[in-house]
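Given next, in structure tokens, is a single chain: the form predicted alone.
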Amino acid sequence: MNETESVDTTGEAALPPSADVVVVGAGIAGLCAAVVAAERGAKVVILDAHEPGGRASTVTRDGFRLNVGAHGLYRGGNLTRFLAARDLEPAGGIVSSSSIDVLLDGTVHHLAMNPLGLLRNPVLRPKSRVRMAALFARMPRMKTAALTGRSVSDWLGDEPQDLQRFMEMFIRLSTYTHAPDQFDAGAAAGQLQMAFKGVRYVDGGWIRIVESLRHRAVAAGATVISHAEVTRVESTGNRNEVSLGEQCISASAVVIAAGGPDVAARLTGATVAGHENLTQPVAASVLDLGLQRPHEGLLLGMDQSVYLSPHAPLADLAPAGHGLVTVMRYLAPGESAGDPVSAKAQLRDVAQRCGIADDDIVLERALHRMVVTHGAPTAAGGGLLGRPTIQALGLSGVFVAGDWVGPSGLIADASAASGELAGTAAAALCASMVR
């Protein structure tokens, strides 16, 4: 098997001298922007320094399909809506929410996620169980906007300590963010609500989503150029010049959908308004384990910021009869992943506590420090509404998109929503120039 999942190169071409819209980056945000702009009639060129996909890429090793981290597609999220509107929603397995395992004080406790099971919760004291059941009951109807501007720690500060840790465990699971003192509670609660609608693990990995979006963009007239590293974006009145070393392409509009605010600032020399309202980039330490047998059971760490989830055979990501699990340690913004050997050993220990023996493992891949998002919305920064807008650079015809942009969604859902906004704005700008 090839190390990297193959991607159809239909639509590849030499760099043209000009385009209506140039999209920098062919991850989820860039592809969504390109699809929308091309659907609206703009001549679109997508440039990526590598292959399309970015952190939505998938590699194949010995028949196991490994995403860049533990990728779940939220059924109620912006990306699912974007795909479904174009009949691109992928196949896959829906994660069961009937039970979980909780790691506390080195012991794994089984918890049934039903009213009776919650009231018998083995990791909470009796009083906390009642308060937790009431909190879960009102969560689907909660007005999350009322929590904007408060940190997760502040929101849960009046709850018993064991219940605080229990809720933070679920917030880490649904947001991939371990920053209770900074993270906006409105954004966290909104993501919890969406998690209740279900999560899908995608057959074949997230490269299937990338391929679908790429093909859609090409079918609408876009051109995709891989291994094209952009070095500069310069706004010059009605046109923008996108440089790739010695080469250059001129465009009416540019969407920068690669990296975080630091990349947008470096490429343009402009300041990203609102970047101070984000945390530092959020990262995780990840270990994928290919198993010779299926393993069942989602595990969450209550006193450790760890997670273990079986991705196959729930989704088609492993050879027949085999299993694939992802073990993760959520890092606080700016936190070091530590020594690679020790970090990997910690994740292997989590797997062993779940009953996964060394003899069960036929493949492993460690991602020592994987970027989850380029900045989470902070309470001090006003939550989702305080994140940089698509026009945060203040340059005519230059927009940004990514998991750190716009007023809607987190992680891939923020990428999809901001990409759609940026693509729409870029196409509208081009149309206005024609009139």
Ligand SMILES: Cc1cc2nc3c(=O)[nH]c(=O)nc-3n(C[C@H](O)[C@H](O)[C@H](O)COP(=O)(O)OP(=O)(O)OC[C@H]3O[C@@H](n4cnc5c(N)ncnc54)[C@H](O)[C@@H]3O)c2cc1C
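In case it trips you up, residue 1 is the first one in the sequence shown, and so on. The structure displayed is predicted, hence computed values, not measured ones.
Note that the form predicted together with this ligand isn't included here; everything after this is about it.
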Identify whether this ligand in the predicted bound form is within 4.5 Å of every residue in the set 47, 259 and 267, based on non-hydrogen atoms. yes
Contact label in the predicted bound form: residue 371 to this ligand, heavy atom within 4.5 Å: yes
Residue contact check: residue 376 to this ligand in the predicted bound form, 4.5 Å heavy atom: no
Partner contact for residue 421 in the predicted bound form: this ligand, 4.5 angstroms, heavy atom: no
Can you check whether residue 87 is within 4.5 Å of this ligand in the predicted bound form, heavy atom basis? no
Considering 54, 409, 381, 388, which brings a non-hydrogen atom within 4.5 Å of this ligand in the predicted bound form? 54
Sort through 229, 359, 339, 105 and report the residue having a heavy atom within 4.5 Å of this ligand in the predicted bound form. 229
Determine which one of 295-303, 70-78, 155-163, 135-143 lies within 4.5 Å of this ligand in the predicted bound form, judging by heavy atom distances; exactly one does. 70-78
Residues in 14-30 close to this ligand in the predicted bound form, defined by a heavy atom within 4.5 Å, in order: 24, 25, 26, 27, 28, 29, 30
